[in-house]
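So this one's two forms of a single chain, laid out as structure tokens and tagged structure 1 and structure 2.
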Structure 1
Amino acid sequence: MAQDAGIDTPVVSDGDGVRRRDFINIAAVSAAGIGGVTVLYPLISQMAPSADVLAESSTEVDISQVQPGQAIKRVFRKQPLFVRNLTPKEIAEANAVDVSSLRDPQTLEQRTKPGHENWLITMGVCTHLGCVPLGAGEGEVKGEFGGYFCPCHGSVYDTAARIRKGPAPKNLEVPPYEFSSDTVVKIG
């Protein structure tokens, strides 16, 4: 290596035992290493969601036709969204649960907006492996806690869409949203 090259190349030392050839060696390998990593970054980053996917605008949902006890499905970020108008009985059932006994402890108030506690708006994506739970469509089975039931691996959600039974680790996700008016909700 550097020693071999010293046969016909005078060894140049700066006095601290560091030879010029060592410096060249380290500088060349470092530059190649940093260059390699720099090239790697775009190669990895290209797989992340692209600008058009990220730019998907928020969705507006008209809830004026949704009766108590009824639910509708909409699409938000290419995934199903559940909008559910809870009945007083369903609200009472959700509030009757001891929150500390839940896997993902949250009250119904924490999962709804003040003044709109009857509007339960969640993603229709099971937190286990992403199936669409049943219970939002007309005549679909709602599971033993009256909320949603995921047919893939048997996760059961209650009337606040909180996980009660089965493999899912979390409650159904509540997306960011606000009430534009009493009948229109802006998601995202």
Structure 2
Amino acid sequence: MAQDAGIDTPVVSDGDGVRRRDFINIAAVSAAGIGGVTVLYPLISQMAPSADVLAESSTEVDISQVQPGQAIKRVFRKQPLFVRNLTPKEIAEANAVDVSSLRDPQTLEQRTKPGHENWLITMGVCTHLGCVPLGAGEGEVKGEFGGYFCPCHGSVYDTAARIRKGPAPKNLEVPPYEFSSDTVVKIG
């Protein structure tokens, strides 16, 4: 306490002033941070997928009714999906192909899951220009290799959905999938 003309007046030390200044800085930065989060949260959250998109991110397919040699078509992410139950003859034909002679070399084993080699699951979109190949429906043309035939530009796929002839650069895509049970496959 300093006395000036007999009046007691408190003297503020520099330590107290720094503490008040720090408090004001922390309060201002906190308010700015809260304001920033308030502005950024709606901008970021609007980029999240909507409920209908999340619902289509995976699908389950019941394969119990698909007989050997038969294929079914389903829709996955708004694109056709082919699920084919290969016969032992089709598996043998696919395994007999010299993989090094293929444009997009893949074995049937690489395109199927262990223990389920007879189930071939591919996207039903030609890798040339995106047409839907024939061969999954009853009575459709399967092409000379017994797999799929794209009517748009003549790409021909074998029983393992590998490109064998025509302008398509790659095999039909195998989406990510897993077997939930012996009769249900979860795609995506």
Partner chain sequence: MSFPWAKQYTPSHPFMVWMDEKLPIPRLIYNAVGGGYEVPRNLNYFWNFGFLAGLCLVIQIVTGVVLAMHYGGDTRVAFDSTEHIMRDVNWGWMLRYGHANGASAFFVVVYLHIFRGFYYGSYKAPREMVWLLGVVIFLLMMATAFMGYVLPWGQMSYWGAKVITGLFGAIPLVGETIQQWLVGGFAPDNATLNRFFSLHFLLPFVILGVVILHIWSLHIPGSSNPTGVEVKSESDTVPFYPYFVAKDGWTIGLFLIVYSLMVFFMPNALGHPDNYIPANPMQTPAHIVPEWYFWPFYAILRSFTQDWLWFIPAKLMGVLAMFSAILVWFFLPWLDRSPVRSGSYRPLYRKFFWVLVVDVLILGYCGGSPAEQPYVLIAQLASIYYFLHFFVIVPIVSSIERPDPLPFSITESVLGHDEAAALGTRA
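Between two forms, the rigid core is defined as the largest C-alpha subset superposing within 1.5 Å. Not measured: the values here are computed from a predicted model. Counting starts at 1 and follows the sequence of structure 1.
For the form predicted in complex with the partner chain, the corresponding chain is the one labelled structure 1.
Put the two forms on the same core and the Cα of residue 46 is off by 2 Å or more between structures 1 and 2.
Comparing the forms between structures 1 and 2, the C-alpha position of residue 25 differs by 2 angstroms or more, with the core used for superposition.
A movement of the C-alpha atom of residue 141 falling short of 2 angstroms is seen between structures 1 and 2 when the two forms are aligned on their rigid core. Taking the core as the fixed frame between structures 1 and 2, we note the C-alpha of residue 35 moving 21.0 angstrom.
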